[in-house]
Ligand code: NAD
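Only one chain is given next, in structure tokens, and it is the form predicted on its own.
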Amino acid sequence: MDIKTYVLKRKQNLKERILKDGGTPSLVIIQVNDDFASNKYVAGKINDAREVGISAKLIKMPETTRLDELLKKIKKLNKDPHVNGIIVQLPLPKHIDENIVKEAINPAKDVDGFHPLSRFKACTPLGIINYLKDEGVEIRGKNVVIIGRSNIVGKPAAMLFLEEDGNVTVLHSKTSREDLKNYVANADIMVVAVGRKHFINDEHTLKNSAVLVDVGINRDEDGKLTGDIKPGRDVYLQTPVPGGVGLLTRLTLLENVLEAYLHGI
């Protein structure tokens, strides 16, 4: 099943569950940047939420916002019984410590899954794994190569694939070109999240049975969106950009918001 069809099916299920409950789960997104990718994701998250019956509100703060001002806003939302889920959209301005902000959110409302004590898994990796399972992709015992070690995708993805008994290797900017090619050539499942257009391309040998998950979203000079993997690889499955992992991330966020609403403090 292609990702768009899969997401539509899961969203319909969410909508039906919310209608049956009769209430309105609530999500608040705080954005302290004007990043292109962030703007795109935030708009998509709000539209998706409203589509399934979740109340979604955006609080956009200027990039000059001080850390104490942001923490004050988060504290207020933490105490608001009508707010079920809170997101602080990344990236944050350089003068704001991302880790302090993540830990300021009530773990029960941390629907992004970034707080160390959060009850939720990070949306992008969990969305990927849920989709692969739905597609019948075997993870146990398979060589899983993750390129990129960010706190948003790479590191949590490594942990989740380990929980599924995958043989996980994390590659990064310090990995030699030769080693990169060797690991890529032996990958059964590969997740690429480096933010570089066609980082994986014709110079890389891939298994025909490989599953390629493209997390990258890059903007061409002409405004066209491209991924980290060159399209059309001769493999078993390759997720598209756009219309791929971003949809899975947003879907998982909605599912986390509903869970936070149903099991709220």
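The numbering used is simple: start at 1 and walk along the sequence shown. Note that the structure is a prediction, hence the values are computed from the model and not measured. Rigid core: the largest C-alpha set superposing within 1.5 Å between the two forms.
The same protein has a further form, the form predicted in complex with the named molecule, not shown here; the description that follows concerns it.
Here is the short version: of Asn106, Asn167, Asn186, Ser150, the single residue with a heavy atom within 4.5 Å of the named molecule in the predicted complex is Ser150. Of the residues given (Val144, Ala193, Leu126, Leu77), Ala193 alone sits with a heavy atom within 4.5 Å of the named molecule in the predicted complex. Taking the partner from elsewhere, every residue among Leu180, Asn218 and Thr249 has a non-hydrogen atom within 4.5 angstroms of the named molecule in the predicted complex. Of the heavy atoms in Val245, some are within 4.5 Å of the named molecule in the predicted complex. Contact between Ser173 and the named molecule in the predicted complex is found at the 4.5 Å heavy atom cutoff. With the named molecule omitted here, the record of contacts in the predicted complex names 209-217 of 209-217, 60-68, 44-52, 231-239, defined by a heavy atom within 4.5 Å. Put the two forms on the same core and the Cα of Tyr41 is off by 2 Å or more between this form and the one not shown.
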